[in-house]
Every structure is written in structure tokens, then in C-alpha cells.
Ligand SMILES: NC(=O)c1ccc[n+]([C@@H]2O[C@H](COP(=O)([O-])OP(=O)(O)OC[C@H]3O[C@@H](n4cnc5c(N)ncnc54)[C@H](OP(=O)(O)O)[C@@H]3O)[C@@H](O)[C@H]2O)c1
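Okay, so here's just one chain, in C-alpha cells, the form predicted on its own.
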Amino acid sequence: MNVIVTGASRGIGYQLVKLFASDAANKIVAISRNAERLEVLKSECENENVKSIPFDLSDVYRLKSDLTSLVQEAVPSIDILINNAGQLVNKTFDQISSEDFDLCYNVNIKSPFFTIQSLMPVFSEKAHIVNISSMGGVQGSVKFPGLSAYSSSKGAIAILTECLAEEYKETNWRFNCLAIGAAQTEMLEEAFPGYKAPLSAEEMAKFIAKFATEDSSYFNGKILAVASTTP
């Protein structure tokens, strides 16, 4: 199985790569802008089929021109794409600059939008695209001060998932979105300093990996909440 994981240098993405790499039959492409942490990740994986691509997904123009060829050098086709990369902006609404807004939206919605678009030519017949959103991006969920840019961008990726499932319903591709709740990651600490999550990054990664593989045939175009607490 050929798997692409973005945002692979820390947290849930890091653990996802290690989980998929535990099966020697898998080929995994780990994408992150942090080249040093990708090398550490590769060293921890006892699988020579783990390939890393240092890439800044906020650079949407380069993404559209270069990402496909870089991925094809690593794997011939894609069975699973997990758009996990995320950018947090934790500022009150009146303090958010246009630069903050652009960075947040470039990483959280523009990069998965154009990553999917760019990699479509190498999707396998039954490719599963899993977009990682947040409970903050779910309509009617509890919202928190300081997260207006982040939560609204995560809401956008949820709607994008529904749109893609409808547009490509005549294919065997599946598009789903997991709106995850609290898992103990560096990003959670940035958003809620001192809060202790009920799940570790590894535990959340195990759920996502199972969903992407074993449970994939049961869902298409769905936004699934994965949370036991608030936040």
C-alpha cells in the first residue's frame, strides 16, 4: 500500500508514518517543511520504503508545479492520502493580521485543495483521501476565543470533502474528513496551554490509520467527529 502523510514531522502525522511503516509491505511518503525532523523520523522507522519530502505546503505555487513529480519519484501511485498538515493561529480576532490569515488558510485549506488536485493523476483506482479537520471546524461545536482563523479554515476543509465526494462519485475514490478532538500534541499545547488530553498522538494516529485502511469502504463524503471531550 502506498501512503502519503503531510505534516509528518511531529504529532499525529509523525505517529501515522511510524504506524504505516510497521508493515514492511507499505511504502510511505512523509511530507513536512522540517527536513531535520523528517530524517529523525526515517531513522526511527525500520522500513526502507519510508521516503521523505521536505516541502513547505504553504507555498501553494510551488506545490502546484513540483509536488507531483517529487511524489512520483517515491511511489508509482497513491492508495491513501492523509492531509494532516495544520497551522495554528491563536490570537484574538482583532489581532489577526492578513499575514496570519494567509498562512493559516494556505496550510489548512489551500494546500490540501491543491495537493489533492495535483496528485489526482497518480491516485490508484480505489484511492482514499482523508482530510484531517478539527472539532472547532464543525458547525454547532463549542468554539474558543483566539481560534477564529484556525477553526474557520478547518470548517472549509470539511465542506471541501463533501464537494469532492459528490464531484467524483462516479469513480471508486473516497473522500472523508475526520474532525478530531483533543490529542496530546504540540499544537494542542499551543492552543490550550496546560490542558491534558485524554488521548496521546499515537492513540489518535492508530484510529486514523485504521479508518484510512480497514474502515474506508464504509464511508464517502462524510465528516466524522472523533472526540470524547471538549476541547
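Numbers follow the displayed sequence, beginning with 1. Predicted, not measured: the structure shown is a model, and the values here were computed from it.
Not pictured, yet referred to below: the form predicted together with the named molecule.
With the partner omitted here, the residue from 67, 182, 29, 165 that has a non-hydrogen atom within 4.5 angstroms of the named molecule in the model of the complex is 182.
Contact check for 130, 203 and 227: none of the three has a heavy atom within 4.5 Å of the named molecule in the model of the complex. Checking 116 to 124, 81 to 89, 138 to 146, 68 to 76 against the named molecule in the model of the complex, the stretch whose residues place heavy atoms within 4.5 Å of it is 81 to 89.
Among residues of the shown chain, residue 34 is one whose heavy atoms approach the named molecule to within 4.5 Å in the model of the complex. Taking the partner from the other structure, the named molecule in the model of the complex has no heavy atom within 4.5 Å of any heavy atom of residue 220. Using a 4.5 angstroms threshold between heavy atoms, residue 107 counts as touching the named molecule in the model of the complex. At a distance threshold of 4.5 angstroms between non-hydrogen atoms, residue 39 is out of contact with the named molecule in the model of the complex. Residues of 132 to 161 that come within 4.5 Å of the named molecule in the model of the complex, judged by any heavy atom, are 132, 133, 134, 150, 154 in sequence order.
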